[in-house]
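What follows is a single chain, given as structure tokens, in the form predicted alone.
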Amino acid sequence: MATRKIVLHFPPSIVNKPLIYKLTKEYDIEFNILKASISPEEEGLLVLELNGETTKLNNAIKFLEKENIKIQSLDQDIIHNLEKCTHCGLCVPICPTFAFEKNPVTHEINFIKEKCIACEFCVKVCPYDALTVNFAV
């Protein structure tokens, strides 16, 4: 048995397909939904923990990739560089897991690493490059 945590980015054209159902039926994969943000006609984001035999798990990942789902491993994390951060707050509303909080008194941004799923949305919006991706080796 193998376990993998992944982030799936669904393009709007396939949000309505029962692709996760197929992981169970066709690949005998167990899944646990850790986070989901999916709306019809819009891009979707799904954080899953997958369990299954290694070969079946790898085949299930290949199936998802063939369906044009961008797959991101959670073997990476986000680094918050406080020397570059101006605490502008652009990262706060974009984070799907509420990993950033703005202190109402000091207006400083607090990064809660345990909530982060490394989706990289914050990295893309930060104009000061204060957020970077750190890949595990």
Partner chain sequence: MAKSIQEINEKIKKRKAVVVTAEEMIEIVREKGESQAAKEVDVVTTGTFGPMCSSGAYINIGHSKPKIKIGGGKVYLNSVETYPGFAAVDIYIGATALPPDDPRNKIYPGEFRYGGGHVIEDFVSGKDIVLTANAYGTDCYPRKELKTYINIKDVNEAVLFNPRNAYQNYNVAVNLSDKIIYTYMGTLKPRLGNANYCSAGQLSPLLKDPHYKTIGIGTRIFLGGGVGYVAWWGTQHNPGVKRAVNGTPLSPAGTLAVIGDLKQMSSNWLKGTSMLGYGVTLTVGIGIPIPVLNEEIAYYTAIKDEDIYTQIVDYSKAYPEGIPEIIGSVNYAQLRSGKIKIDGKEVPTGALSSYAKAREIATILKDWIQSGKFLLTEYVEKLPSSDSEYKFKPLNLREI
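Numbering follows the first chain given and starts at 1. On a predicted model such as this, the values are computed, not experimentally measured, just so you know.
If you look for the form predicted in complex with the partner chain, you will not find it shown, but the lines that follow are about it.
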Fill in: Partner contact for residue 88 in the model of the complex: the partner chain, 4.5 angstroms, heavy atom
yes
Worksheet item: Taking the shortest heavy atom distance, is residue 128 within 4.5 Å of the partner chain in the model of the complex?
Response: yes
Fill in: Interface membership of residue 9, the partner chain in the model of the complex, 4.5 Å heavy atom rule
no
Worksheet item: Hey, in the model of the complex, does residue 94 get a heavy atom within 4.5 angstroms of the partner chain?
Response: yes
Fill in: the partner chain: the contacting residue among 108, 43, 67, 28 in the model of the complex [heavy atom, 4.5 Å]
108
Worksheet entry | the partner chain in the model of the complex: contacting segment from 80 to 88, 29 to 37, 57 to 65, 43 to 51, heavy atom within 4.5 Å | 80 to 88
Practice prompt. Can you work out whether the partner chain is within 4.5 angstroms of a heavy atom in all three of 102, 121 and 124 in the model of the complex?
Written response: yes
Worksheet entry | Relative Cα spacing, residue 51 and residue 98, in the model of the complex - shift of 3 Å or more | closer
Practice prompt. Please say whether the CA atoms of residue 32 and residue 98 come closer or move farther apart in the model of the complex, knowing the change relative to this form is 3 Å or more.
Written response: closer
